[in-house]
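This document opens with one chain alone, in structure tokens, the form predicted on its own.
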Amino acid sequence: MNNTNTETESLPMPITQKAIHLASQFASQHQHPQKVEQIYINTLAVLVVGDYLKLLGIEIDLDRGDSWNPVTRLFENVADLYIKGLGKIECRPIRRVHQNAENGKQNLSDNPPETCPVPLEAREERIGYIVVEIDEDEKVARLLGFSPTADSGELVLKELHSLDDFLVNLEHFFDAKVDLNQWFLNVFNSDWQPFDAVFNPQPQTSPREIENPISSNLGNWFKNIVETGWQKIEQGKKSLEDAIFPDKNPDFAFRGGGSSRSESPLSGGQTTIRQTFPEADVTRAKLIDLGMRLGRTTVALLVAIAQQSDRTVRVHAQLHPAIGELYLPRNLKLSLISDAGKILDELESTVQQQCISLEFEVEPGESFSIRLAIDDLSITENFMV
């Protein structure tokens, strides 16, 4: 950890007249002096950090913060700022106090604060905290440093990370997200594989030297004329549909209308991938190891996406037992998490359940996570559009 010296390593930022005017406007909506002061200084801190991020080219959205909601401001002590595609940071303010000396000049207080309190309502759904020292007399704010958490309810100023660490932390958040727009361009992280590779892997065989006496005319292959002995890769093996959707269990399908519940039985016939993901532009799957406690149980997370006419992306996520297993582990939770950390939807597998699924739409620029959890183990996959 890089400790931050508040005198030499803090970053000064101007408090603009526009910021003062807006903070005064927000504060004037209330009568209680303590609440007026709280809203005023919180708003200044948010605007100063917002100016800092905009200088770095980091996109923010003031309207998505609770600090910009007049009702929330009334009941909660929040100074949150939404960073597009990532989530909220909390901009906790402290005042730089001046004292009047006998000669009429102002001096800084001899007892500056050592900690910055963080109210309970600001300790969740945050990706980090920046402490902002507000000096109204000089119309200057100083960004004192960064902390990734505030579990104790206070931030010790001498233990803050540097702002460089803050930027590195943001990069880690960006890197951890799967950009679904890249999927439409056929660009994937190596962890996400085609369904075939996950559910019907090719057996590894020792190399053998066998020479076919019949020569093959590769020019004819383009015309779908293939010599005897040459088969399409799909031939001679169990198809993917049979591997995931066997005839005996034709009950894997998303419920229509954007709902996100567990499987709904279909009446008769075998369910195919095309039936399950009829509008999908891209489909991908990933094997996830649930650990030794479950006997190295592996499940497969299937994700299918489709580009809508209004530029939203429809996402289908299904959880299946991997090949060799009939059912999902009991009490395995599949959750949809917002970029602010809220659980938007959650399913839990029951006894002898073969699939659970989520279906939802995502706006351009939005982020979300899909979390698998069982007992005290959780695995999260982050996505962005």
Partner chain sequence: MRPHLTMNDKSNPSDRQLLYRELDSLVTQICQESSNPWKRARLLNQLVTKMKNSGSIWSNKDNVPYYEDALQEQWEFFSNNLCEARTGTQYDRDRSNVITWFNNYFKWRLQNCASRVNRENNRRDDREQFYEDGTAIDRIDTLPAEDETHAVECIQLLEEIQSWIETNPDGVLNECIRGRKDITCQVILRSKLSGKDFTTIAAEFGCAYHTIYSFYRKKCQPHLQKFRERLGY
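Quick caveat: nothing in here was measured; it's all calculated off a predicted structure. Numbering follows the first chain given and starts at 1.
The same protein has a further form, the form predicted together with its partner chain, not shown here; the description that follows concerns it.
Of the candidate stretches 343-351, 356-364, 312-320, 33-41, only 33-41 has residues whose heavy atoms lie within 4.5 Å of its partner chain in the predicted bound form. Among residues of the shown chain, N331 is not one whose heavy atoms approach its partner chain to within 4.5 Å in the predicted bound form. Under a 4.5 angstroms non-hydrogen atom cutoff, its partner chain in the predicted bound form lacks L62 among its neighbouring residues. In the predicted bound form, its partner chain sits within 4.5 Å of a heavy atom of L11. Although the partner is absent here, K139 sits close enough that one of its heavy atoms falls within 4.5 Å of its partner chain in the predicted bound form. When contacts are defined as a non-hydrogen atom within 4.5 Å, none of A176, A280 and L326 contacts its partner chain in the predicted bound form. In the predicted bound form, N69, P70, V71, T72, R73, L74, F75, E76 are the residues of 61-83 with at least one heavy atom within 4.5 Å of its partner chain, listed from first to last.
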